[in-house]
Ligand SMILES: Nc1ncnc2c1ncn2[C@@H]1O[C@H](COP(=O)(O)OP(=O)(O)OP(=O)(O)O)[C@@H](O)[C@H]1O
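There is one chain below, alone, in structure tokens, taken in the form predicted alone.
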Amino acid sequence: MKRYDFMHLSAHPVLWQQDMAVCIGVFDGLHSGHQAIIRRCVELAAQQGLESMVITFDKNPKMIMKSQPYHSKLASESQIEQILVNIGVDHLVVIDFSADFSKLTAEEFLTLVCAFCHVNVMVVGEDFRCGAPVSSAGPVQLQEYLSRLSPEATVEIPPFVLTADGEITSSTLVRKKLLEGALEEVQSMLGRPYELDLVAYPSKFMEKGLLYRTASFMQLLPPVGVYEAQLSLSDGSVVDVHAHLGEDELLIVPDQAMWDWIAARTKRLSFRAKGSIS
């Protein structure tokens, strides 16, 4: 999978002749609803002999524009890219969202998209909106714009993915359940255990395990408590651990003997869907 900056690709449209299946969204948590949209995009690309492209944002636009409360991320860039690679996405285009970008009308935004590749099909969610609020476009208007910008293009809108309780799966709901410590529901909506990317953060070796300061963590944390988890190391091994999460610190204690902490480096911490055990 190749990654591009949206505005750089607009200025240097190296894919302008490529027939493309494109999906657009704020794929900030890559929950099962997001994945359904992206998988459908990849599926259509395979069926029609196209390449697949995901267009998303480096920051949640609603949080930046303060129409939604700010929360830390549900996944790191590395985690998101790995999931997209596993799904089979060919191209990832990331929008560096800013106040200036927010002023683009829906037509201006879609014109840029249609200029840097040949859009054959576009896949979006039922709640999709693009463009400045006064001129935003939803799925219906999207087809109208594409009929002018890329006349042969079609729009597909996969249905919402519902939880077992009949709620619409969304990043907002994932964050709510995570902050409540409902890891079973979080895992069900994500389709995977909730996982912290630890690669960028320094740790301190303690007698019982590894200690992290959580102040610099970029991802949202569950409530204070002790959690069963699995720690992935850079050498590919996985260790069963207990994660002691405090107000300011995370202590990772292995269930058995300490691994070779000098040679190994931590990679990911996956919370088991059993909730807090303290």
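Please read all numbers here as calculations on a predicted model, not as lab measurements. The first residue of the shown sequence is 1; numbering continues from there.
Here the subject shifts to the form predicted together with the ligand, a form of this protein not shown in this document.
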Closest heavy atom of F205 to the ligand in the predicted complex, within 4.5 Å or not? no
Applying a 4.5 Å heavy atom distance criterion, does P254 contact the ligand in the predicted complex? no
Within a 4.5 Å heavy atom cut-off, is I37 in contact with the ligand in the predicted complex? yes
Would Y145 sit within 4.5 Å of the ligand in the predicted complex, counting heavy atoms only? no
Heavy atom within 4.5 Å of the ligand in the predicted complex: which of L92, A115, I168, I87 fits that? Just give me the one. I168
Using heavy atoms only and a 4.5 Å cut-off, determine which of A75, V124, L178, V121 is in contact with the ligand in the predicted complex. V124
Only one of 152-160, 178-186, 191-199, 75-83 sits within 4.5 Å of the ligand in the predicted complex by heavy atom distance, namely 152-160
Within 4.5 Å of the ligand in the predicted complex, all of Y4, V54 and T111 (non-hydrogen atom): no
Going by the ligand in the predicted complex, which residues of 5-27 come within 4.5 Å of it through any heavy atom? I24, G25, V26, F27
